[in-house]
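Next comes just one chain, in structure tokens: the form predicted on its own.
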């Protein structure tokens, strides 16, 4: 535990000292929500034509409202998108969680760790834990930005819902951190790691319900979205934020939990094996 704590603090200090990177970490969500989120106003696309008789306007408007609500769970597409972006930015934050391992290998610091009397999984888990902390800090900023831009939360949203929200996103950050750090255990070139993460990030985002509802996708894409952790995280997040219900979808929560446990076990086992022969 001492080694794990020391290595985790080292990772956090490295992140804290990169002030410019931290600034851009919190500015990027602002651009996504303010520019993309506000420009994609799907509700305004369904405006009633001016030549419709006045006696029919109310009925048509109610029909439009029902169509939007049945598709997105809310009349405000920005709220639907913002709640999806919470999980997407956890993914973005986790993508480069393994880069520090690659740079430590190239700079020789990893070799020093490998000759010290510490457990190999401490090297792996320290990077996972530090990324979870960074991801949740970024989510906090993103949540406040979304509120300022008009995120509509449910009337019963409380501190309990917020805690459940943090737990859900922490599980997602843990799963993705495990995956991307596992990929970095044997990679020696940072260009290769960047190419892999760029190959995975957009398919993971678009093959989920982060931007559009899953039921609007083709059948083959719905099948892919069903096994995407982002999809299950978004289901829980929207239930908590928009629905303000603590009746968390059990299947989605169990799926995230299983993915987290399996990737953590795999990461620990592979770190014990692969970090022995560098």
Partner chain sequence: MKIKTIIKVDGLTKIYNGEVVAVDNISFEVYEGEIFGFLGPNGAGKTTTINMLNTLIKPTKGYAEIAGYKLGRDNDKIRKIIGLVPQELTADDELTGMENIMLQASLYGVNKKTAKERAEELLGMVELSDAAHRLVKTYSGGMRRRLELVMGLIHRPKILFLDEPTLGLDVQTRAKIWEYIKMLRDEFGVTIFMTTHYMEEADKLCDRIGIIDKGKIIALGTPTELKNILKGDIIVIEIDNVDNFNEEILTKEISNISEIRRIDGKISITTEKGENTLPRIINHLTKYGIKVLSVELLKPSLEQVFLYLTGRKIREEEPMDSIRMRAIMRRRRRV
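Numbering follows the first chain given and starts at 1. Everything quoted here is computed from the prediction, not taken from an experiment.
One more form of this protein exists, namely the form predicted together with the partner chain; it is left out here, but the text below deals with it.
Asks: Heavy atoms within 4.5 Å of the partner chain in the model of the complex: does residue 117 have any?
Replies: Contact with the partner chain, yes.
Asks: In the model of the complex, does residue 108 have a heavy atom within 4.5 Å of the partner chain?
Replies: Output for residue 108 is yes: heavy atoms within 4.5 Å of the partner chain.
Asks: Report yes if any heavy atom of residue 19 sits within 4.5 Å of a heavy atom of the partner chain in the model of the complex; otherwise report no.
Replies: Although the partner chain is absent here, residue 19 would stay clear of it in the model of the complex, with no heavy atoms inside 4.5 Å.
Asks: Is the gap between residue 166 and the partner chain in the model of the complex 4.5 Å or less for some heavy atom pair?
Replies: No, no contact at 4.5 Å.
Asks: Between the options 157, 103, 96, 206, which residue brings a heavy atom to within 4.5 Å of the partner chain in the model of the complex?
Replies: If I apply the 4.5 Å criterion carefully, the residue I get is 103.
Asks: Each of 28, 134 and 185 having a non-hydrogen atom within 4.5 Å of the partner chain in the model of the complex: is that the case here?
Replies: Negative, none of the three is within 4.5 Å.
Asks: Based on heavy atom distances of 4.5 Å or less, which listed stretch (80-88, 169-177, 139-147, 109-117) is in contact with the partner chain in the model of the complex?
Replies: That would be stretch 109-117.
Asks: Relative to the partner chain in the model of the complex, which residues of 184-203 have a heavy atom no more than 4.5 Å away?
Replies: If the 4.5 Å heavy-atom criterion is applied to the partner chain in the model of the complex, 184-203 yields only 190.
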